[in-house]
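Presented below, as structure tokens, is a lone chain in the form predicted on its own.
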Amino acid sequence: MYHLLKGLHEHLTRKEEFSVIIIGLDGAGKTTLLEKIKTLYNEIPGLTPDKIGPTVGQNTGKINLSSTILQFWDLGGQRGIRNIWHKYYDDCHAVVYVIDADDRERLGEGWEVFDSVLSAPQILGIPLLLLANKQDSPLSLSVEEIRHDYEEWHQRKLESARKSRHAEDNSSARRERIASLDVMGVSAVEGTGVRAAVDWLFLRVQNSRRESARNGERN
């Protein structure tokens, strides 16, 4: 009887686990963000920024929320490592793309990579959050400026494709995703905005799960 009740209790209290991948250019602050999340939500604090080196491969971290476990995968952003990102798309439940809002010289490169992420069909229906990191810097672009910069970059790309008569993915689903894109500002070093970003992920993965369940019932 004890084992039966114990098994029932574990079943009723078992938390769902969702995978979140954190991607972006090298130096954008992805690992610092993950370590700050671990510090804010776990009893054992994450690494401090001075002990964080470039990511070669991946870093992982897990946090327990009220009814959910979020498993984070911080993927290296160097040019040679980005080609493995797609291997994580099928199994993830949300994507966080980190942009360095303080590095204006690499914004174009950041948008080029972000655009390739948006083109991946595997993540079209899952939550995608764009984080403008390094808001603690006085020279950092604001959330509004980051959104505007991406929209301008995207328009220039569309116009260039039209002039050169190259096909460019401008489907209604893609346009809708860009129009509804959520952009949030954070400072991974100071922790500003990090809890709000985690709250966003918590709500979106829950809603996405319910939507998938409803679609499954219809089918």
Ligand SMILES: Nc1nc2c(ncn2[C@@H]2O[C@H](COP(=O)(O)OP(=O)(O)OP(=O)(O)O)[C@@H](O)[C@H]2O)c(=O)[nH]1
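Residue positions are given as counts along the sequence shown, with the first one as 1. Predicted, not measured: the structure shown is a model, and the values here were computed from it.
Absent from the display: the form predicted together with the named molecule. The rest refers to it.
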Discussion item. Only one of 88-96, 74-82, 110-118, 144-152 has heavy atoms within 4.5 Å of the named molecule in the predicted complex; I'd like to know which.
Written reply: 74-82
Practice prompt. Consider the chain as shown here, without its partner, and state which of Leu181, Ile52, Leu65, Met184 has a heavy atom within 4.5 Å of the named molecule in the predicted complex.
Written response: Ile52
Practice prompt. Determine whether any heavy atom of Asp103 comes within 4.5 Å of a heavy atom of the named molecule in the predicted complex, and answer yes or no.
Written response: no
Fill in: Residue contact check: Ala28 to the named molecule in the predicted complex, 4.5 Å heavy atom
yes
Discussion item. At 4.5 Å between heavy atoms, is Val189 in contact with the named molecule in the predicted complex?
Written reply: yes
Practice prompt. Scan 132-146 and write down, in order along the chain, each residue with a heavy atom lying within 4.5 Å of the named molecule in the predicted complex.
Written response: Asn133, Lys134, Asp136, Ser137
